[in-house]
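For this one, two forms of the same chain are given in structure tokens, first as structure 1 and then as structure 2.
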Structure 1
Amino acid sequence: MHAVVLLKEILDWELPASKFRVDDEAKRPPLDLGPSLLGPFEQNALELALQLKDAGVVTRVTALLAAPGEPVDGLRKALALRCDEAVQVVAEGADAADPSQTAELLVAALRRLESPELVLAGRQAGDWDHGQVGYLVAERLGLPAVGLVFRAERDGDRLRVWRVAPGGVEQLGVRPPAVLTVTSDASLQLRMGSVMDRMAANKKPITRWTVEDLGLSPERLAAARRLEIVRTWAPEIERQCEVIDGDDPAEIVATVLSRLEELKLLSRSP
């Protein structure tokens, strides 16, 4: 089974609000605000694909990423972790803020790849936070999708997947070809990879497809757009923290408890 992992690099998601800014004209944060990193759920998706390969469920893993410009670190990383192939859709002119347009690019690339039977995406990329691309890809390829998966195993001719749901964890059976969106779990921390593999990865090729290579016209891409951004801004955060200090920890804790009682937020059981 050939698995394709959809990756994305995003602005460091732990950048504190105090350092975050928006370029009013561009309606998005400036590009130099911080490093671009492989998002956490994309890391989980990649790890799940690699685990499925270790388990022999998947025979081949392709990392696919749509981004403008130079080949991105995330793909080098994927190669260093022994993905079989890395593909970048050189998405000049596409807008990463529009999930429908991103899905259009990825669907065209997936159609060109050798019969992918499993598509893995992160549940939500931490830049625009849309949480849509995996599902839109599934719909446009006519595939079933299961969201918020954190574990998968072979179960006869289908996959048994574990996913987070409001009433507790659900185990679902799904027959490939299918799309899974992946959420975090202790078992899905992205592996480190060896120094040797990292060095070797620098020599491995990254396949680059332009929008034209994929047979997508600028008109077609424009038509795929769904969202018009009117305005983007960074909301103010209020600061009103009362720091309780002192030399004796027990006294500090006692003060916290009595302050909360004064504020009528806590009542100690009689």
Structure 2
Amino acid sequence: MHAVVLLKEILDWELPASKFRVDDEAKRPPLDLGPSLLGPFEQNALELALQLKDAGVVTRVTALLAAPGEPVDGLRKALALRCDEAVQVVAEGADAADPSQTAELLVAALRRLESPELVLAGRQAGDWDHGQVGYLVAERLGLPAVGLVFRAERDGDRLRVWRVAPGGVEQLGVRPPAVLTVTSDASLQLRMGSVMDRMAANKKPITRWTVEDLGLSPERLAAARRLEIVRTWAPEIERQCEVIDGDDPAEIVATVLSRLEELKLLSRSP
């Protein structure tokens, strides 16, 4: 079984808030604001694909990423973890924040990959949090989709999958081809590649397809767009600090309580 993992690189989520800013003209954070990393849910999806390969359920894993430029770090990481191949759709002119356009690019790439039996995606991107791409891909490929999956194993000619549900955990039988969106779980912490694997990954080729290579015209890509970003901004948080001095703990506590009452953050019980 051939599995394809849909990846996305996002701005490092541990970037200090003091360094974060939004480009008013581009309506998003600048590209050079900080390092880019694989999103957390994409890491979960990649780990699940690798676990299925370890178990012999999957024989081939392809990492697929759609983005402009050369975001090779995420694909190199996938190769270092022994993905069999890495493919980038060079998405010049596409809006990475638009789930519909992203799905259009990925679907075209998946068809060129001869429609793999299993597609795994993160439950949602770690930057815009739309949570739509996996389902849009499934719809356009005419495949069943199961969301919020955190475990999967072979069950005859089907996959048995465990997913988070409102009432707890559900188990479903899914007959490939299918799309799974993967959520976080302690069992899906992305493994670390060995030093030798990381060195080898730097020498492996990354296949790059342009929009033209996939047979997508600029007009078709523009028609796939469904999102218009009107305005983005970073919230302004006002912080105040007040130091209360004193040598007597009881007196300090009384002063703190009195001050909280003045600020209407605390009211005395009747």
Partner chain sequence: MILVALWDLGPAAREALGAAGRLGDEIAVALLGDPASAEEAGAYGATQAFVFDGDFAGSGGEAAIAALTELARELGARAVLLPRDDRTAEIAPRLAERLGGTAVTQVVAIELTDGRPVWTRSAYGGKALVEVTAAAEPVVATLTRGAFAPAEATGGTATVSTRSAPAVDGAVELLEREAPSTGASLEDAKVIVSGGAGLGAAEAFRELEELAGLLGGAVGASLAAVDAGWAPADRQVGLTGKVVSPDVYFAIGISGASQHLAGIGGAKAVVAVNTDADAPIFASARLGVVMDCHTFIRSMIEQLRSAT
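Residue numbering: structure 1 sequence, from 1. Predicted, not measured: the structure shown is a model, and the values here were computed from it. Each form is matched to the other, and the largest set of C-alpha atoms that superpose within 1.5 Å is called the rigid core.
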item: Identity of the form predicted together with its partner chain, given as 1 or 2; value: 1
item: Displaced residue check between structure 1 and structure 2: D245, CA, 2 Å or over, core reference; value: yes
item: Core-superposed C-alpha of G56 shifting 2 Å or more between structure 1 and structure 2; value: no
item: Core-aligned CA displacement of E219 at least 2 Å between structure 1 and structure 2; value: no
item: Cα shift between structure 1 and structure 2 at A17, which is computed once both forms share a superposed rigid core (Å); value: 4.2
item: Shift in Å of the C-alpha at P235 between structure 1 and structure 2 after core superposition; value: 2.7
